[in-house]
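Below sits a lone chain in structure tokens, taken as the form predicted alone.
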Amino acid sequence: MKTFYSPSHRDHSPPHEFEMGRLAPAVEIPERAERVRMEVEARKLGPVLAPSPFPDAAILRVHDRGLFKTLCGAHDDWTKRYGADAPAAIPSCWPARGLRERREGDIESRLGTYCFDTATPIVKGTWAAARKAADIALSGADAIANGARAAFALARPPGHHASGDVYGGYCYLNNVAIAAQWFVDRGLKPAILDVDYHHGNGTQTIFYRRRDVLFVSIHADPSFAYPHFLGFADEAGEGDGEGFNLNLPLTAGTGWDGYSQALDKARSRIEAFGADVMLVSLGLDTFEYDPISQLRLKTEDYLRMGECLARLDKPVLFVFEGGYNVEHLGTITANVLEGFSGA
């Protein structure tokens, strides 16, 4: 299995995020991807390759040009306003009901317009890392299109919370959606399976009114888990997309028995869809010792997950998402890939 990776992600290293009314140490840190890369290499799962560059047009098939432009220049605009030693760029005000969006306003108003939380700071290396993450996902898609059974896009920062014109949830560009659209543009029929602890609200929003991409998500119930306002079981798609969105929310404390039942439902729906290719938003924060999550999958369960995905008998692009127990993250990520490859 080819793994695509770039060290540029290391420069996206915000020291803090803002949550629960206070600055807190960041959990989406460079060591996450480094631990995974080292484990992939140690287990000899396949070559680790640099991504190829892809044109901006591939990203703009999914993302709003204003969001793209804002993210591209956000750090420079922020430091011009607040100085070179300013803290990371985090919005302080949002256009909630009764207020107006300002997509062409100053940097404060644009960040508030395009971001939906306080946990997604922008520092000097953020844009370069996010842009390279999209290239990583597209390089994996290209490998699949050229005959690979599977590829792993070790992309950081993650992407599944970013919608077409909103970023947040540690995510700036939606890597898996960009890759799925790339497949669609080449006449293929993709299904996306999101196994992150948190619902992929951005991916759902991008494809919610479309029937050419199936989105299935297994995640903690948003009645208690981030992103709180999307990911409920009654969200099945709208218009042309009705019936092409499946959410499988889980209760706190769910272990492999309950999780595997949801995975079987997801697999059945993907089989019925008749996908040519499957993309897996591979979040590993379902782990029992993840510091910000409440599911209870064990280390060996990730081998089972990979084996289950292999039984779909489709080419698979794995795209790295969440997972915050750094000590075990490399092991459980590699277990999914090894379980898939072994099966």
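Please read these numbers as outputs of a predicted model, since none were measured by experiment. Start at 1 with the first residue shown and count on from there.
The discussion below concerns the form predicted together with another copy of the chain, not included here.
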Query raised in the report: Ok, 115, 193, 141, 173: which has a heavy atom sitting within 4.5 Å of another copy of the chain in the predicted bound form?
Result: 115
**Report entry** The single option of 182, 226, 207, 259 touching another copy of the chain in the predicted bound form, heavy atom within 4.5 Å
**Finding:** 226
Query - Heavy atom contact within 4.5 Å of another copy of the chain in the predicted bound form, the stretch among 127 to 135, 269 to 277, 248 to 256, 216 to 224 - result: 216 to 224
Query raised in the report: For the spot marked by 7, 11 and 31, is every residue within 4.5 Å of another copy of the chain in the predicted bound form through some heavy atom?
Result: no
Query raised in the report: Taking heavy atoms and a 4.5 Å cut-off, does residue 123 contact another copy of the chain in the predicted bound form?
Result: no
Query raised in the report: Does at least one non-hydrogen atom of residue 95 fall within 4.5 angstroms of another copy of the chain in the predicted bound form?
Result: yes
Query raised in the report: Is residue 197 close to another copy of the chain in the predicted bound form, meaning a heavy atom pair under 4.5 Å apart or at it?
Result: no
Query raised in the report: Quick one: is residue 263 in contact with another copy of the chain in the predicted bound form, heavy atoms, 4.5 Å cut-off?
Result: no
Report summary line: Of the residues spanning 80 to 111, the ones with some heavy atom within 4.5 Å of another copy of the chain in the predicted bound form are 81, 82, 87, 88, 90, 91, 92, 93, 94, 95, 96, 97, 98, 99, 100, 101, 102, 103, 106, 108, 109
